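One chain is shown next in structure tokens, namely the form predicted alone.
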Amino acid sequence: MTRSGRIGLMLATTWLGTALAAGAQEVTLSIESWRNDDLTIWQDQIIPAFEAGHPGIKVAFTPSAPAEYNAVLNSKLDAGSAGDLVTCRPFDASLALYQGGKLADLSDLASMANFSDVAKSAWQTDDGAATFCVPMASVIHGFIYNKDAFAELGLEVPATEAEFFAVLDAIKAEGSYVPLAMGTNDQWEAATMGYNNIGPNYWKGEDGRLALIRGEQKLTDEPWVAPFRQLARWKDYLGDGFEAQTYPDSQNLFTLGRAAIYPAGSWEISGFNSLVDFEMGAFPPPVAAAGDECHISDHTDIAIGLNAASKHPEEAKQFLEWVGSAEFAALYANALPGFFSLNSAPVAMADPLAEEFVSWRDTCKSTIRSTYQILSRGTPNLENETWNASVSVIKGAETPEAAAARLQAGLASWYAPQK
């Protein structure tokens, strides 16, 4: 072989070795999720932003149908075929995966310092010793209202309960709009957008929620009965036939401009934006009296964890550190208005209605739904029982005191601190 031939062969061999090494370094991480509705957002915005700053790591977002996610994910994890990264539902479903060795402990991630104890509570062991998912977003509860209707009727946004019911009375008396767009057919709305929406102002948010878990308060105490008393008054302001009104019915009633106020979760924002032809506003649950400290249900909704059997744990942790960053927080919250960053870094919201919701964090204390942590593990299930009790109280089929006593008896039947 000539000298030039040997040199050419050496160069070719060097190039091939470099190419193989580069190829060996590149890995693809896959993400399991139930959020198949935001696939294009991950593909077009989130993943490209990560890959741009992390050469050698590719990411594939591979969601399942929401109703099938838990079963599909569990099957994949058992079979060893699940993705490297696992989107985490809040509380017990994800806790069970961690306790079963399916999710890795992420307590040592540097980005965990960017989240409060409340933000991490949905993805921690009961004692808070281990955190196994990086918080991504929460949803906030309050009331969305038709600004055009308020202007037409000369109404001001209520800040106190007395003002709230004065507004409802004025809307009802004028007659052009249903005051409150909510039904009781599907039950969960009465508890989620009713009881756990207004309740934190009564039980003082985290103070009351944690006192209930510790057994220091009971559901028959005044702070837990009082929200039922308010719900009992809502009956007079719901639409005709509210008993048979479904969740989609309520959405349509508001977006078609036939109702003035919608007891809401912030997840409605994107959908409502595309459906309404009037200007919307939002206000937090009114406090009992002017000057009272306000509390909002700022409920932990979605996080992401590491499959303990991932073949690429170090690369996956790079992605998780990025999910805990201010860059991801701003990107995700603005791509999905109504799903608010749990990161301590401030995020400027482009959507005005989303900005209104998240601004309440500056003036009110955040808490999560009272039934979600620990208290719904037994039978009867407190979350599901609260649905039923809220509906019964609104319909007038059960007094607030009787509903609270029934919930307390059920909880005490299996939960030791409440016995």
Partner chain sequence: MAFRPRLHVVVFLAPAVLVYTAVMIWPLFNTLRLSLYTAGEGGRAFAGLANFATLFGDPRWSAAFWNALGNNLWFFVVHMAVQNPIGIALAAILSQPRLRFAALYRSAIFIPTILSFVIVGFAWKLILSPIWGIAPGMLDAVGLKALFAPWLGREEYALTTLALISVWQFVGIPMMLIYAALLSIPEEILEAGEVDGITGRAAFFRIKLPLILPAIGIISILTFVGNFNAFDLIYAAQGALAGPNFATDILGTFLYRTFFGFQLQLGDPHMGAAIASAMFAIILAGVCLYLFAIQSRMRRYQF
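What you are looking at is a predicted structure, and each value in this text was computed from that prediction instead of being measured. Rigid core (definition): largest C-alpha set, two forms, superposition within 1.5 Å. Residue numbers count along the first chain shown, from 1.
Omitted from view is the form predicted together with the partner chain, to which the following refers.
K.L.:
Among the candidate stretches 53-61, 349-357, 36-44, 366-374, which one is within 4.5 Å of the partner chain in the model of the complex when only heavy atoms are counted?
P.N.:
Partner-contacting stretch among the options: 366-374.
K.L.:
In the model of the complex, does P400 have a heavy atom within 4.5 Å of the partner chain?
P.N.:
Answer no; every heavy atom of P400 is more than 4.5 Å from the partner chain in the model of the complex.
K.L.:
Heavy atoms within 4.5 Å of the partner chain in the model of the complex: does R258 have any?
P.N.:
Taking the distances in the model of the complex, the answer for R258 is yes, it comes within 4.5 Å of the partner chain.
K.L.:
Should L253 be counted as a contact of the partner chain in the model of the complex, where contact means heavy atoms within 4.5 Å?
P.N.:
L253: contacts the partner chain in the model of the complex.
K.L.:
Can you check whether E315 is within 4.5 Å of the partner chain in the model of the complex, heavy atom basis?
P.N.:
Although the partner chain is absent here, E315 would stay clear of it in the model of the complex, with no heavy atoms inside 4.5 Å.
K.L.:
I need to confirm a contact call. Of G154, G101, G241, G128, which residue comes within 4.5 Å of the partner chain in the model of the complex, counting heavy atoms only?
P.N.:
Going through each option in turn, the one that passes is G241.
K.L.:
Of these, A93, M112, A335, L275, which has a heavy atom no more than 4.5 Å from the partner chain in the model of the complex?
P.N.:
Flagged contact: A93.
K.L.:
G100: with the rigid core matched between the shown form and the other one, does its Cα shift 2 Å or more?
P.N.:
After core superposition, the C-alpha of G100 moves 2 Å or more between the shown form and the other one.
K.L.:
Could you tell me whether the Cα atom of S359 shifts by at least 2 Å between the shown form and the other one after core superposition?
P.N.:
Where the cores coincide, S359 shows only a C-alpha shift between the shown form and the other one that is less than 2 Å.
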